[in-house]
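For reference, the chain that follows is the form predicted alone, supplied as structure tokens.
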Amino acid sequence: MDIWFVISNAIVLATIYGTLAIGISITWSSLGLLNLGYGFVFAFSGYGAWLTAQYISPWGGAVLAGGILSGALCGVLINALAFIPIHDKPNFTMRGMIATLAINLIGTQALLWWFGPRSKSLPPIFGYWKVSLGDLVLTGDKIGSVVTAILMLVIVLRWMQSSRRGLEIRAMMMNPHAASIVGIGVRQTSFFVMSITGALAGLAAVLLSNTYYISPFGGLTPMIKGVSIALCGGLGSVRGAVIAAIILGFNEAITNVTIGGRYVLITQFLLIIAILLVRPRGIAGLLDRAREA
């Protein structure tokens, strides 16, 4: 087994799935919504990037922008349909899960009807260049995916620390009830939360679709992995999502090399079960207690 090949693949997978999981964690901790519509967001963003490449420009930056903007638009749509109408209703957590899951199912069927079952492919976003470090060869898509994902997360987290709307989101993440008491508008802020997390999902979709094909149901497995990473890290914890993404990224890379990619979900869930048996609240040990009341 080539250890450097495994490490490089694990880092790429951790950054892509971690981007998706961080969006899930931010949505849960700020809005109390476990968004199961990310499969649709993922596929919708992939098709948005493909349409950009077909009708606007095949340049990598334009394709990335098309996927990110499509994800943000889809996040706003889910917010308008699944959060705004029911966020102040009893048993909102369960209703929100059902509503976003329904959007996921209806949305993927709509994509299947519109684009058909045939998969689409994106042009090379980062080119065909390579970097050789001894026996390790890093391709442009690996380096570009890691750098782009990290840069996007830095920009988002920096915005949340410095802007007024970002501070409101952080206040909602810390204590949503106290945030509402001091006058932070949940409805207005929710659109920013869902657009940002949708954009993160859109970025993850483009980066992963740079390796895999785009299909109406192509977002199902990434959604499962993103939710699993968020649960494993501890819902609401960005730090926990990062740690869990690294652990499960290494698990997937090692499983692919040793026993085959078809066993990835099996080993992933076995690992998650083992972690949650030891730390029921996730790796970070943080579950928003305000939502347990």
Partner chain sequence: MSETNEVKWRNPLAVWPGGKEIEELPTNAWHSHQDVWRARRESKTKLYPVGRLRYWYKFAGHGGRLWSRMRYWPTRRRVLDVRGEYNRKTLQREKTVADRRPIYWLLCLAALAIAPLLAPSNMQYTLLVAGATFGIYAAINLCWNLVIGIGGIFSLATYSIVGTSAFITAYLSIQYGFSWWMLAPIGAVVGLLFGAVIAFPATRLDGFYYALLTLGLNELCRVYFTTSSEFGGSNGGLYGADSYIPDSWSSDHQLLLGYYACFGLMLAALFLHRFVGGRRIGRLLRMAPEKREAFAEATGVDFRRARVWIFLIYAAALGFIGGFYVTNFGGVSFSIFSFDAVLLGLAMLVIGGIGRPEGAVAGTLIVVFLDKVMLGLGPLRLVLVGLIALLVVLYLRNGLFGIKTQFRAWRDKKKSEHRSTRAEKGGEMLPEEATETDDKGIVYARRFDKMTRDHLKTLVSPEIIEEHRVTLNGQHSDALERLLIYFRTREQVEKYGILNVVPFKNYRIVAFSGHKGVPPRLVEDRIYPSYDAACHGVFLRRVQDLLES
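Positions refer to the first chain, counted from 1. C-alpha atoms forming the largest set that superposes within 1.5 Å between two forms make up the rigid core. Note that the structure is predicted; figures quoted are calculated from it, not measured.
Below: the form predicted in complex with its partner chain, not depicted.
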| item | value |
| --- | --- |
| In the model of the complex, the residue from Leu73, Ile143, Leu81, Leu157 that sits within 4.5 Å of its partner chain by heavy atoms | Leu81 |
| Listed residue (Ala253, Ala53, Leu31, Val227) with a non-hydrogen atom within 4.5 angstroms of its partner chain in the model of the complex | Val227 |
| Contact check for Ala99, Asn104 and Met223 against its partner chain in the model of the complex, heavy atom at 4.5 Å | yes |
| Per-stretch contact check against its partner chain in the model of the complex, the hit in 123-131, 191-199, 145-153, 105-113 (non-hydrogen atom, 4.5 angstroms) | 105-113 |
| Its partner chain contact at Gly66 in the model of the complex, heavy atom, 4.5 Å | no |
| 4.5 Å heavy atom contact, Leu36 and its partner chain in the model of the complex | yes |
| Partner contact for Leu235 in the model of the complex: its partner chain, 4.5 angstroms, heavy atom | yes |
| Distance check, Ile86 to its partner chain in the model of the complex, heavy atom within 4.5 Å | yes |
| Core-aligned CA displacement of Thr255 at least 2 Å between the shown form and the other one | yes |
